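In structure tokens, one chain follows: the form predicted alone.
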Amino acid sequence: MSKVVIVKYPEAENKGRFNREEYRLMLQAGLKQLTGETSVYQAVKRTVPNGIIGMKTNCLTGRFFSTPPELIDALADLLTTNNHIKENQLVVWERTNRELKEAGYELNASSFGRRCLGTDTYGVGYSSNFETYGEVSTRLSRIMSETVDININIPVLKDHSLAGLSAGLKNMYGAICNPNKFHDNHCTPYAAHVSALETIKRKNRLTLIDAARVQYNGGPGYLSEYLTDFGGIILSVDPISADRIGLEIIERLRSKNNLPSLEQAGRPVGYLQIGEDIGLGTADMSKIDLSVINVDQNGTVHSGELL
């Protein structure tokens, strides 16, 4: 069974916009639940080995609906506290510096402090060698291929006008030089094949989906009328299972708001089953061990509900 954990913070004043401390409490509870460890230190150590750690954001829509800096700050706190990981070992990254800045991040490509940079930073760019898997042949961001030892994939959960679902797998389109070539047929099988590229498959260790707010229609751009406060985060070391639970949330929100399923809307999400077929993870809901928990301001965990 693949394990996925959803953590919610019902006591938050604003369930759609958590602060750094609220995200820290959620991450602590989620990582312990995911690993079965009783200490945050051991949970982090078991999930994220030491090394240069990438944090791949999704900043397509700027401050409107991107990976929140507060979530990155909270995760950085956990990684650097009592885990022998230094601030400069953390690399927050995206396709462009412009996207990061517009989402509220402070750029830093220096050898001091937490790094934050786009692939378009001078001297970075894309690798000279192509990687190929199945229907995908591409060059990777040198941040992914050369700078980081491991990567944490940190997208936001939303609908996508072509792929149906934008979550972890779709976020890795931001790691390649030619994403425009891989949107036919609702990104199937391409989204799975991108994540099956040797470097991406080897280095992606954790999928952490921000689901404080979820856009269940009209993505990947920002449409506030289809945005709802889900109030949670999704964690898994299985990239397919993480996205499958994200898809379940999207579909339930669509049904709740009298919208057709993604398949009925002509945007079936077929790439998750492809991902399972090629060994990336588990797409079958009956084989996913889903835990939904609530955490309070004291860090105490209670059972929770999906919706």
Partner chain sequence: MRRRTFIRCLGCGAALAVAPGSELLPEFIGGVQNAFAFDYAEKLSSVEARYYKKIEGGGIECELCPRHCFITDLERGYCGVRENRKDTYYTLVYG
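Numbering follows the first chain given and starts at 1. Please read these numbers as outputs of a predicted model, since none were measured by experiment.
Below: the form predicted together with its partner chain, not depicted.
The contact with its partner chain in the predicted bound form, taken as any heavy atom within 4.5 Å, belongs to 61 out of 61, 47, 33, 282. Distance criterion of 4.5 Å from any heavy atom to its partner chain in the predicted bound form singles out 161 from the list 161, 137, 147, 82. For the marked spot (209, 252 and 261), a heavy atom within 4.5 Å of its partner chain in the predicted bound form is absent from each of the three residues. Residues of just one listed stretch (128-136, 229-237, 111-119, 193-201) have heavy atoms within 4.5 Å of its partner chain in the predicted bound form: 111-119. Using a 4.5 Å cutoff between non-hydrogen atoms, residue 220 counts as a contact of its partner chain in the predicted bound form. Shown alone here, residue 89 lies farther than 4.5 Å from its partner chain in the predicted bound form, counting heavy atoms only.
Though the partner is left out of this view, residue 180 does reach within 4.5 Å of its partner chain in the predicted bound form, counting heavy atoms only.
Looking at residue 188, you'd find every heavy atom of it more than 4.5 angstroms from its partner chain in the predicted bound form.
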